[in-house]
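Below you'll find only one chain, the form predicted alone, shown as structure tokens.
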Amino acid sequence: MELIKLTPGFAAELRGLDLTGPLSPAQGDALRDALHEHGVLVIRNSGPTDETHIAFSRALGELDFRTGFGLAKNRLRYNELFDASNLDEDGNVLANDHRRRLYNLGNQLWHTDSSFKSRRAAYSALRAHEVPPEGGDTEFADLRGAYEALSESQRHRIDGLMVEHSLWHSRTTAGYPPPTAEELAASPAVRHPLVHTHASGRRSLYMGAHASHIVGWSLEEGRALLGELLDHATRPAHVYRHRWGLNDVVIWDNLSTLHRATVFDDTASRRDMRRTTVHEPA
């Protein structure tokens, strides 16, 4: 395995790791160590199948399963794969007013996967099956570097705060209609610390678009602080932008980074992206 830094602070290209088959326990440990150090790993033109995508992801831990939200049937065969595409259940580009397309607009906001769940996501691995001719890049932001760039007084102010996270906060912010009672019941709000100690031993922010408000603060004051921290964390100095190539795989640490999809012509161009998500240890 060879690691080549993509920015001075975080993100690296990983070479020399075969993703077309299961990883050994030693390879899984090495991959986790690399993720804890760099936050984001890029493997170019790696070519795993859906089956081997799932297999190598299992070396990182216990996999989450998708719910099939917003589609009459699942387009993908395996429940371990989250469909991050702009395609319907028959493989056609989603119509402009399709409820699933409106739901997907939330992916264009800075977020960390599954922060709206009580058991958070540790890692995600996204593979590009089809990429649009223009746009559709993914940006990543370094939350450990952002925390360390705060002043001592700023860190003191936010240490110990709790934040409520809600899937529906991010979705409605992006333009999704008010959630139904069934949707609200399926994904209730949860709470997580705003600052936590990462597996690397470094302190990190933990926030993003799912972060609705700060517990015990007024809505206005809490959201103002979360907005200030988000602006700080997503400054160019903390960001890596990945331009996708066919069969690229990007693996990232959700407990130390944010990410977002960038805009493309999603009602005309196809973008087929499939993701596995690994739970944090129980």
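In case it trips you up, residue 1 is the first one in the sequence shown, and so on. What you are looking at is a predicted structure, and each value in this text was computed from that prediction instead of being measured.
Keep in mind that the form predicted together with ligand OGA is not shown, yet the notes after this line are about it.
Checked against ligand OGA in the model of the complex, the candidates Glu164, Glu130, Asp137, Asp88 yield a single residue with a heavy atom inside 4.5 Å, and that residue is Asp137. For the candidate set Ser115, Ser212, Asn107, Ser204, a heavy atom within 4.5 Å of ligand OGA in the model of the complex is found for exactly one residue, namely Asn107.
The three residues Ala84, His111 and Arg275 all sit with a heavy atom within 4.5 Å of ligand OGA in the model of the complex. Only one of 58-66, 252-260, 42-50, 224-232 places residue heavy atoms within 4.5 angstroms of ligand OGA in the model of the complex, namely 252-260. In the model of the complex, none of the heavy atoms of Leu194 sits within 4.5 Å of a heavy atom of ligand OGA.
The shortest heavy atom separation between Ala146 and ligand OGA in the model of the complex exceeds 4.5 Å. Shown alone here, Leu126 lies within 4.5 Å of ligand OGA in the model of the complex, counting heavy atoms only.
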